[in-house]
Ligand code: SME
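Encoded as structure tokens, the following chain is the form predicted on its own, with no partner shown.
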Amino acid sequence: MKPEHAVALQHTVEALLGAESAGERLAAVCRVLQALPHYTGVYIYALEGDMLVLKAFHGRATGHTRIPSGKGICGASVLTRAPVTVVDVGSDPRYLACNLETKSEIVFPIIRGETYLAQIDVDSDDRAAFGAEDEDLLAEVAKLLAPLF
């Protein structure tokens, strides 16, 4: 794990311990992750029925506060129950454009047992910004967040 990812994970744990409500914890985690060099925006969506509902974010605001299951990159993760990494969002027809600056995206599911609970969605202004280290970091963060849903 890259040093900045290890620091982000430590700060994530501290944010979870330091915030009083679940909403504050989610917002604090978004803030910690968004501080990473190539993380332009971090969004946490909860799956409510067949709809992903934005619960917290840090970075650029998004108009996508509710996303149907199966729609966009976020919805694709719900259907596949797996992380989805897009190297170039401009070449992926599933991408729901939030802003013109976003070039790549990673979505990591938060799952408990067999239940898809939520997801961490990260945008970057850099193409091919996400790799194995990012997936490892988000896997650890997802485990920490699962009890909040």
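Start at 1 with the first residue shown and count on from there. It should be emphasised that the depicted structure is a prediction, and the values quoted were computed from it without experimental measurement.
Beyond the structure shown, there is the form predicted in complex with this ligand, which is absent from this document and is the topic of what follows.
Enquirer: Hey, with this ligand in the predicted bound form, do 62, 67 and 94 all fall inside the 4.5 Å heavy atom range?
Expert: Yes, the whole candidate spot contacts this ligand.
Enquirer: Give a yes/no on whether residue 73 approaches this ligand to within 4.5 Å in the predicted bound form, heavy atoms considered.
Expert: Taking the distances in the predicted bound form, the answer for residue 73 is yes, it comes within 4.5 Å of this ligand.
Enquirer: So, residue 98 and this ligand: in the predicted bound form, are they within 4.5 Å at any heavy atom pair?
Expert: Yes, residue 98 sits close enough to this ligand in the predicted bound form that at least one of its heavy atoms falls within 4.5 Å.
Enquirer: Under the 4.5 Å heavy atom criterion, name the residues of 101 to 140 that approach this ligand in the predicted bound form, in sequence order.
Expert: Stretch hits, in order: 105, 121, 123.
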